[in-house]
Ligand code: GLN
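Here you get one chain, nothing else, as structure tokens; it is the form predicted on its own.
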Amino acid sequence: MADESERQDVSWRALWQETSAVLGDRVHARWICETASAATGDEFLSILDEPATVRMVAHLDAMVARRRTGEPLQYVTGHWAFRHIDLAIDRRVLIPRPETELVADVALRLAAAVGPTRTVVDLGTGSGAIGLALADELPIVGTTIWLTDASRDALDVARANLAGIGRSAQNVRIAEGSWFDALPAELRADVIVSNPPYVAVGTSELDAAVGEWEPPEALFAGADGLADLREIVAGAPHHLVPGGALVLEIGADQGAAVRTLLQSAGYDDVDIRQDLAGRDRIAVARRAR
């Protein structure tokens, strides 16, 4: 990249072209330029021939340097879209993924079918993605959403994202603690949803960038990847109303094992659902009535 004296009055069109050449990806280059310019979509396209400020160019250069080290784009830009909300994202939390949007959709439909009031718990919320998406999309009246996490750092990110959902934020409660320890003992939810750690320690199948950059405590769960799933499956009936639903994101090779866990724990209507690639990804079950 050129030095600062050579980067005066440079247009966003030129910066986008330059960033594309450096990164080898025009789409990623645009997202980074949009972040640096604080303009997105059509607004960014409307300023392509306008000059960037020195501060904006410095921000862009810093982000490009980080991306060239292999740091994920989502951490570089500091935010990422999840369903209808935009989340602040950094290395304290997992990067939200399309598979998790499907998990949120299942939980949303189950919660929306309950009324006139509904209580939903997002266990191990991380950035707040699932719980805040549900708070954003469920009716404001009659909805209570609990976000829990054992990581204080993760909850700081979730709190920062809470402001982004507007009036629906009034329905959200945040609690620190390991799984159900974070919840009031008397709480009974209509839906409990979680994207827990489910990667086996020592696996060779984890993408190298994920293992290098994302928080290990949010990824790994024992030798078989089921340690946290076992704890959630065992504890959820004590915090679900009779007939209440448990929704879990699981690993693509865990469908049979999680089905067995749920059935052995006495859940009804156990269902393992697939993601858009046809891989096992979502476990749904109901507490016995």
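Numbers for residues come from their place in the sequence shown, where the first is 1. For clarity, every value in this text was computed on a predicted model and none was experimentally measured.
Below: the form predicted together with the named molecule, not depicted.
- Comment: the named molecule is not present in this chain, but in the predicted complex one of 157, 111, 218, 183 has a heavy atom within 4.5 Å of it, namely 218.
- Proximity to the named molecule in the predicted complex, taken as a non-hydrogen atom within 4.5 angstroms, holds for one residue of 174, 210, 169, 201, which is 210.
- Remark: residue 161 does not count among the residues lining the named molecule in the predicted complex, judged by a heavy atom distance of 4.5 Å or less.
- The closest non-hydrogen atom of residue 94 lies within 4.5 Å of the named molecule in the predicted complex.
- Mapping the unseen interface onto this chain, residue 105 falls outside it, with no heavy atom inside 4.5 Å of the named molecule in the predicted complex.
- The named molecule is not drawn, but in the predicted complex it has no heavy atom within 4.5 Å of residue 61.
- Stretch 193 to 201 is the contacting one of 193 to 201, 112 to 120, 139 to 147, 76 to 84, since its residues have non-hydrogen atoms within 4.5 Å of the named molecule in the predicted complex.
- For the partner-free chain shown, just 249 of 243 to 273 comes within 4.5 angstroms of the named molecule in the predicted complex, judged by any non-hydrogen atom.
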